[in-house]
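Just one chain follows, in the form predicted alone, and it is written as structure tokens.
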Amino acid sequence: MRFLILGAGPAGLTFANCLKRKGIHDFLLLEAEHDPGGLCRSIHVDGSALDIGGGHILDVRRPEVVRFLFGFMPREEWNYFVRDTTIHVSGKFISHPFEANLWQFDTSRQVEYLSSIARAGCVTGQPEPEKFTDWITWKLGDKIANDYMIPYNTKMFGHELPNLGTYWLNKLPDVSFEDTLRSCLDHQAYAKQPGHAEFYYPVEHGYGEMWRRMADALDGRILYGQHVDAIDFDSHTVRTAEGGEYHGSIIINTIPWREFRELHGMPETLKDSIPRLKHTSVQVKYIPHDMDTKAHWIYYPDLSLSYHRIFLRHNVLLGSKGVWTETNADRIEPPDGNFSYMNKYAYPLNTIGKPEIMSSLLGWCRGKDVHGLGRWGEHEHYNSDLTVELAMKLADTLA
């Protein structure tokens, strides 16, 4: 093949469909699962779709991406939403971002939080720390850190939390002390949402329907049940655990680098760096009960609860029922009869030193016409809309 694409998730499917639109048909996708979509796959549970990777949605902020995807699943098949997320702290539901909605507490609690923020390192001129756990207190003060951010992130990232850096924090809402104070005085949120403030979700299907249609458009150029576990960079050969052998002039890798048992021709220093790439595994569990709220997500920092987040299916997939929880694999509880699904690879972790590892790895691979793409190919916590944009750009570059 001219293009050999490893993985039929959003990155691989977008890249392949871009090739097809350019009139290029000399490509093949290899996918370990028996269905397309990767983390964005959906299945039917209790009469409606459930997204096995958690609550995945289509962000509106990249119009070119939205237009591209609507070419496979038209606009009339989507509902539009303004994001509603709440955080359950001290027995009270507070809107997200937390620090922009302290006014929803009583006055005495507001004063406690504001006093703590006023003493935070970013307010008093202290240098920004290197570790995420130190940054939390530096940015938000010790009270928000202890009541919300540290317990919530402990649940989400588990034992790897102390190893996270700060270079990725553009994904978090940026709320200044002045914005927080103004919010308390005016009783309204002043904050800039980094993403997902507005989104689309299918009217009748789960989010996985989008990627199934993209796979159908490829006219059978996907081989399922092929667990790629070896690349020979010299011969441009890819091998699978099932005994398959495939050749591509250009290889697009969208699967986790840790899944390769053999990387023939790669320098040992790069091979040795790959095990230092960390990720979390997350269980999604369906709960067949509706909740009396209009929220789409609820965050739970309470350490007595195993899960860290709930996605309210009945408020997004209208006409359905129930919710699903998301729980780090370190915290899952014994089966209780409800449907659950474990995602071995859920979130790439932004550990200290990761940017240097990936820069060296991807740079060397590009020199061999092997390109990392997407959440796992680049080991970045990309949402699907950004993944699609990057795949479109890479197809324009290489084709």
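In this text, residue numbers run from 1 along the sequence as written. Bear in mind that the values here come from a model prediction, so they are computed numbers and not experimental data.
The same protein has a further form, the form predicted together with a small molecule, not shown here; the description that follows concerns it.
(message) Within 4.5 Å of the small molecule in the model of the complex - does that hold for a heavy atom of every one of 121, 141 and 145?
(response) No, none of 121, 141 and 145 comes within 4.5 Å of the small molecule in the model of the complex.
(message) Taking 4.5 angstroms as the heavy atom distance cut-off, pick the stretch from 364-372, 328-336, 351-359, 51-59 that is near the small molecule in the model of the complex.
(response) Only one stretch qualifies here: 51-59.
(message) Between 228, 117, 252, 214, only one gets a heavy atom within 4.5 angstroms of the small molecule in the model of the complex; which residue is that?
(response) Checked against the cut-off, the match is 228.
(request) Heavy atom within 4.5 Å of the small molecule in the model of the complex: which of 209, 259, 160, 179 fits that? Just give me the one. (result) Of the listed residues, the single hit is 259.
(message) Check residue 309 for me: does it contact the small molecule in the model of the complex (non-hydrogen atoms, 4.5 angstroms)?
(response) Yes.
(message) Can you tell me whether residue 28 touches the small molecule? I mean in the model of the complex, with a 4.5 angstroms heavy atom cut-off.
(response) Because no heavy atom of residue 28 falls inside 4.5 Å of the small molecule in the model of the complex, the answer is no.
(message) With the partner left out here, check for me: in the model of the complex, does some heavy atom of residue 196 sit within 4.5 Å of the small molecule?
(response) The answer is yes: residue 196 has a heavy atom within 4.5 Å of the small molecule.
(request) Give a yes/no on whether residue 46 approaches the small molecule to within 4.5 Å in the model of the complex, heavy atoms considered. (result) Looking in the model of the complex, residue contacts with the small molecule do not include residue 46, since no heavy atom lies within 4.5 Å.
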